[in-house]
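Shown next as structure tokens: one chain only, the form predicted on its own.
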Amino acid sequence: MTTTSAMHPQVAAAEIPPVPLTVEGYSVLHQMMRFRWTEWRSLPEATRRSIADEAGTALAEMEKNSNGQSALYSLIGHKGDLMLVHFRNSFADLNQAELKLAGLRLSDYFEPTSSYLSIIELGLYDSTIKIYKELADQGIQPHSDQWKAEIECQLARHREAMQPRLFPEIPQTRYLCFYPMNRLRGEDKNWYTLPIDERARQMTEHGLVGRRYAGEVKQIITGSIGFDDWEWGVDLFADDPLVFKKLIYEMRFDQVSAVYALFGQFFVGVRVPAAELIRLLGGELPEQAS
């Protein structure tokens, strides 16, 4: 008996949609801001202490939030003084985190310089090709109700298996490097016109570089298409910032980065636990974050 795939060997390939499947986790917000040091230092010491204690208590609660944490970083360089990173279950929860911070007296001394809204995303290139081909070989019409149901069933399995990566804790490392990025859409080179199997090949090659740094750096990728000005955000967490340079430099030699990657601004910060906020506001930073 002739199988369906044998009857339609070319139909399966022809009907594979170009969009890779993804699974999503925490919603993520980065807030970058300057601190009005001159105004802050003009306050009486007792007032500064009271404001800092209030903010430290609120930040401590947000650090331990069971439905997504927050973390504070002291930025290095001219792009800002502070960066707050929030992981939450939804955009509405992120908004609540923003409003909670805005309600603190300390926020009177914040001057926002930038922000970035995204959601933790895991791309499933290899699984996508396999799933799409199986469905096409079964004669299931792409984007039909049956197709969508089968896809959702597969995605549910991936979400379950990838829960720790989709809903992680913010790593307790000393340094964070954050940057947004795009895939090239130029006239000569356009990532989105490549066949899906070629994109999958290049992404696999790209991922092999990152795996060589396992144990030295924790990477969290977030998707931001439709949410912010770039397409993805990248957070790198490490105790030694030198690894950021080594990893990103090495990745630029693989094809997907060398040919198709565009990078936005880089932000590097030092972790400031809530218990150390008062020292930061006094112009100090602990030698080693806890």
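Quick note: we count residues from 1 along the sequence shown, nothing fancier. All values reported here derive from a predicted model rather than from experimental measurement.
In what follows, reference is made to the form predicted in complex with another copy of the chain, a form of this protein that is not presented.
The partner is absent here; in the predicted complex, the one residue of Ser115, Thr204, Gln163, Gln138 having a heavy atom within 4.5 Å of another copy of the chain is Ser115. Within 4.5 Å of any heavy atom of another copy of the chain in the predicted complex lies no heavy atom of Thr173. Contact check for Glu150: every heavy atom lies farther than 4.5 Å from another copy of the chain in the predicted complex. Residue contact check for Arg48: none of its heavy atoms lie within 4.5 Å of another copy of the chain in the predicted complex. In the predicted complex, Thr38 approaches another copy of the chain with a heavy atom inside 4.5 Å. Along 176-190, a non-hydrogen atom within 4.5 Å of another copy of the chain in the predicted complex is carried by Cys177, Leu184, Arg185, Gly186, Glu187, Asp188, Lys189, Asn190, in order along the sequence.
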